[in-house]
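A single chain comes next, written as C-alpha cells; it is the form predicted alone.
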Amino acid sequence: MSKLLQLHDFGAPGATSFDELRKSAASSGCSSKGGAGKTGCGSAAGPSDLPPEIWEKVKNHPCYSEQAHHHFARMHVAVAPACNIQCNYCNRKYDCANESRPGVVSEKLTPEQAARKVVAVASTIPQMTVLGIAGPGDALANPAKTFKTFELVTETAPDIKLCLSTNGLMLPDYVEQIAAMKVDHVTITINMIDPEVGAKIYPWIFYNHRRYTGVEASKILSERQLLGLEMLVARGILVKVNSVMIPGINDQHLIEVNKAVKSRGAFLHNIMPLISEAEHGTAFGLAGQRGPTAQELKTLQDACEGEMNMMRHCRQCRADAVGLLGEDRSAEFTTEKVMAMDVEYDLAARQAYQAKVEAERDAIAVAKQRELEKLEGETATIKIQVAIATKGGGVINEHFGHAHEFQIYEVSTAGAKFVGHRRVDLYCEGGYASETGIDPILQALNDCTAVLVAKIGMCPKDSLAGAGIEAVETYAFEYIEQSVIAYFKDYLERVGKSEIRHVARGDATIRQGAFTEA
C-alpha cells in the first residue's frame, strides 16, 4: 500500500505550511456573494460562476449541481457494511424496500458484483454519471472493498465520476489514496464542532483498536473530520459537508459548523432534516426526538447561506439508490437481474446522450433568463413558494396524483430559487384516491401558494383550493423555472388588480418513514 498522508507531511522542509494551506482553502471556499479570492461555487452555480476545471467536475453531478439533478442520475453500491461510530439517528438493521433513508439497503454487494452492477446501470441509463459509495456503514471503515470497487469500475467505465461518503474518522489516513484513485468528490458528515454537542449525538466511536465514549469520542471525531476536510481541499478534491439538523441539540450550533467548514474550503454544505420515526428503531426515534418542520429547516439554511451556498436538493438517499434524485430504480437492478443481463458499455452513445442533455439545459437557462427579464421594473416585496410536480428533465410533467414528491421553489422579483422538496405518498393509485387521502399532501404543501402540475383531478383541486393553494395546469410540460417566474408575474398582476389577496402562508411538515404503498 502506498504511504498514507499524515498531518506531519504538510510540515516537511520546503512544503507549504499548514496555516498557508488553511488560508488557501478558505479563499477557494464557497460564497453566495462572490468577491475577490472566492469562487461563486455551490449547487446553484453555473459555468460563469466557477473556474473551468471546477465546472467540469460538477456540471453533470446531480448532488453538486442543483441544475444537474434534474437531468443526471447517480447510483450507490452497498459494499461498505461496517461502521466505526454509532450515531443516535442511525439504525442500519432497519430495512424496508419502500424506505429512502441513508443506511438502508436491500442487499449488500462484493466489489465484483458492484462493478458489474455499475456497468449494467450505466448501459441502461445513459444519464447515470456518478457512482457513490455511501454505506450502509462507512466507506472508509471498509477501505479494501471501497477502493477495490473504484478500481474495477475505473477499468471498465472511465467516464463515471467517483464519490464516497464518510463520517470522517479515518479520512486523514486515506486522503492520499483517494486522490490517487481520482475520486474528485467526497462527502463528510459533520454534525458538530463542539464535543459537548457531539456527546449528545454519538454514544461511541471505535478508533485505534479502542472504543471511546462521551466528550472524548466526539473530540477525536471532530478533530479528524476537520483535518480530513483540510487535507482533501489541499488536494483539490471537492468536499460536500452533510449535517443532520436535530432540533434542540445542534440546530443553532450548525451555524458555527457552517462557518468552520466554509473557512476550511468546503465546496457545499447540505443541512438535512433529522429522520426519527420510532419504527426505525434509532435512539432518537425511540426517545421521541422530533425532526424539524419545513420552515425551521429553511430558516436555518437561509441563515447559513450568507456564509456559504447551500445544497437544498438532497433526497437523503438509500445506500443502494439508483436513478435521478427523487426516484429509486434499484429494484430493476438486483444482483439476480444484473447477472442475467447482457451488458454492453457504449461510451460513445453515453456521450452523445449527455451532449443532448447539455443542449436542453442551455435552452432552459435561456428561457429562464427571458422570463426573468419580464420582471424588470417590478418593485413588489412579495415572496411566495410554489410547488412543482415533475418526473425530471427540468419540466412540469407529472400528474398531481402520481407525484411521489413536489419540488419547492421560492420566487420573488429577484427570480426563482429551488429551496427544497416534499415527499408524499401517491394520491392516486389504480385510478382511485389513496386511503391516506389528501390531508398529508396538504400538510406537506401548506407553505406554498400554488402547485404547478401537468394534470390534476377536480377533487384534489378543490381540496387544495380549500386550503388556499392554487392548482395550476397552465404550464404543463413547460420548463420549471420559466413557469414559476411566469406564474409569479401573473400572481403580482392579479394582486395589483385586487382579483386575489396575497396571504402569508404557514409552516409545512416534512414526510418521514417509508412510502405506504406496496
Partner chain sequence: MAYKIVASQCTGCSACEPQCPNVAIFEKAGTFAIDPSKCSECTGHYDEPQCVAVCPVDGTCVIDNSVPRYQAA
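Positions refer to the first chain, counted from 1. Everything quoted here is computed from the prediction, not taken from an experiment.
The same protein also has a form predicted in complex with its partner chain, omitted here; what follows describes it.
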_Looking at 332 to 340, 83 to 91, 282 to 290, 174 to 182, which stretch has residues with any non-hydrogen atom within 4.5 Å of its partner chain in the predicted complex?_
83 to 91
*Hey, with its partner chain in the predicted complex, do N142, W204 and R210 all fall inside the 4.5 Å heavy atom range?*
yes
*With heavy atoms only and a cut-off of 4.5 Å, decide whether K108 touches its partner chain in the predicted complex.*
yes
*For the heavy atom contacts within 4.5 Å of its partner chain in the predicted complex, list the residues of 345 to 376 involved, in sequence order.*
none
